[in-house]
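Only one chain is shown below, in structure tokens, and it's the form predicted alone.
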């Protein structure tokens, strides 16, 4: 119990309530539970921030790129594949309920899949599809130093 109390106090001192300045934790045993939950949520948000910064292209999908478990996730994987984007981080939200809920809160976006380019949230399947159709995705990939396979194939066919 002392370890939990110390960890909660350290977490609160580290500024876990920074995003919640008006939050007051009740006194007593419940406050430690609340502090622990707040710490866990803050830790998840920090972890997610690190995850989206780790790679140029990051997707949170249902399933894996090799075996997407929903049509929208499959569409995201196929669009990236058409552009020759094979080197990206993919996280299966079906493996971890905390990850699934955490990414929705992190992005303030209610659905999966979620796509991040250069640490920036782009959107879900519909937005990526729209970017693909308009040519905006090619531009964004170029900004990141990724050459779209579609552009290369178009050049070769001429």
Partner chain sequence: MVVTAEVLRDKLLKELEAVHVEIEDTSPNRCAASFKALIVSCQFEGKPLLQRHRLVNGCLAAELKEIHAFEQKTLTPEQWEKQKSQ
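All figures in this text were calculated on a predicted structure; none of them were measured in a lab. Residue numbers count along the first chain shown, from 1.
Quick note: we don't show the form predicted together with the partner chain, though the next part is all about it.
Proximity of residue 123 to the partner chain in the predicted complex falls within the 4.5 Å heavy atom cutoff. At a distance threshold of 4.5 angstroms between non-hydrogen atoms, residue 118 is out of contact with the partner chain in the predicted complex. Contact check for residue 45: every heavy atom lies farther than 4.5 Å from the partner chain in the predicted complex. In the predicted complex, at least one heavy atom of residue 130 sits within 4.5 Å of a heavy atom of the partner chain.
Applying a 4.5 Å heavy atom cutoff to the partner chain in the predicted complex picks out 62, 72 from 55 to 72, in order along the sequence.
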